[in-house]
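Encoded as structure tokens, the following chain is the form predicted alone, with no partner shown.
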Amino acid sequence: MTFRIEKIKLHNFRSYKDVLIELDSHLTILYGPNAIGKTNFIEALQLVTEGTSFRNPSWADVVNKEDDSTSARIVMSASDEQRVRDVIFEVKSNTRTLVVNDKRVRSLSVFMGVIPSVLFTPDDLLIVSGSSEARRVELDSLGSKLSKKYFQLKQEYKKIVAQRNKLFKDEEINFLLLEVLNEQLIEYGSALIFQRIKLLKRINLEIQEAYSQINNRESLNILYFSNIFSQSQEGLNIDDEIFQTSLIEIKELFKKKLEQRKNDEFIRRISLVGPHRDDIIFNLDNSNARTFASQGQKRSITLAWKMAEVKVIEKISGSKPLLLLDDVMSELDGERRNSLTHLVSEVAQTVITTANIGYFTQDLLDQAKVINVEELIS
């Protein structure tokens, strides 16, 4: 069953003093001028669904400083018609506390996925146009929502790469320790590559469908680059036969590539082989979208990726996530706006912010809950 967020209460959070907002079960639209606090509300919803913020703030920064406040509190109520889930996010003395149904959450890995959410902000255009790290982070974030094992695997691999890089910086390298770290690198790195391939295959199916609904004049698919498989920076189609490889075969390829790059690593004193150097290429009409796509196309690709995330979460977990779209309409033409707005209200409970309510048709506005943010903070 899918949890639907019914209401959220903000106390001393960012620009909000004391606000109670009830959400529509399908589509809620928040509008108002820029810098009024729309994104703050989106951040609050992300905090009570993911436990983290895309802004990566110091926790003291989220506290409204009026009246010498020292704490902030977000309370969310959700239900799936059979169960109730109440989440409290609180900041005191620059410390974050999460409580679910009166039980304190001790680990973020336990909290992730309780009520999953998918977030779009304008910064997410970096998924297409930014560095490979932005794409890896996005993919691993989705994997972590879906599986605690994925989250732990990613964390362990990150630690091993950091230890290995630190070892390379020593004047005299401890080769016995390096051998141990190499074995761990192969073990955890191969497992992470294997999980990424499985997840990308699912995403590729969904992103093609989602993009065609936003813009049916172009075709989109995903290419995957891993230096375990290929030296080519252009990537390979995620459905290619090479990606049918078993985990055991991936380990053998990893081990061979590590041996081939051994001298390069000693010279450069950094880890050069493994999934920390993977990349995802968005192939738009057989061209790399990072280089050739317009801003509108990049935004459409990013939105299609987010829609694909929603579908993958639903198919794997059996429940739909909350979809959060912050300033989604700018830089889309009228046709794409219409396609998107009719699509999102069907795929999941959705919250959209906008500075221009005129982007939406009257028919859609009549079906949605429309909130003027200026009235909330006045």
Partner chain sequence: MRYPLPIQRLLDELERMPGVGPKSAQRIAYWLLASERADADRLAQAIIDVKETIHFCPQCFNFAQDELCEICADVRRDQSTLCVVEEPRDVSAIEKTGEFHGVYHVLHGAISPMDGIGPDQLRIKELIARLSSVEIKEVVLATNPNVEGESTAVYLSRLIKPLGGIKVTRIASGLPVGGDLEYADEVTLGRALEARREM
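We call the rigid core whatever largest set of C-alpha positions still superposes within 1.5 Å between the two forms. The structure displayed is predicted, hence computed values, not measured ones. Residue numbers count along the first chain shown, from 1.
There is another form of the same protein, the form predicted together with the partner chain; it is not shown, and what comes next is about it.
You can rule out all but one of 174-182, 126-134, 98-106, 287-295: in the predicted complex, only 174-182 has residues with a heavy atom within 4.5 Å of the partner chain. Contact with the partner chain in the predicted complex, defined as a heavy atom within 4.5 Å, is made by none of S69, R73 and V84. Checking I242, I248, A162, I270 against the partner chain in the predicted complex, a heavy atom within 4.5 Å turns up for just one residue: A162.
Checking K262, K256, K198, K166 against the partner chain in the predicted complex, a heavy atom within 4.5 Å turns up for just one residue: K166. Among heavy atoms of S212, none comes within 4.5 Å of the partner chain in the predicted complex. Although the partner is absent from this view, E156 contacts the partner chain in the predicted complex, with a non-hydrogen atom inside 4.5 angstroms. Within 4.5 Å of any heavy atom of the partner chain in the predicted complex lies no heavy atom of S77.
In the predicted complex, Q152 approaches the partner chain with a heavy atom inside 4.5 Å. Core-aligned CA deviation for S71 between the shown form and the other one: 2 Å or greater.
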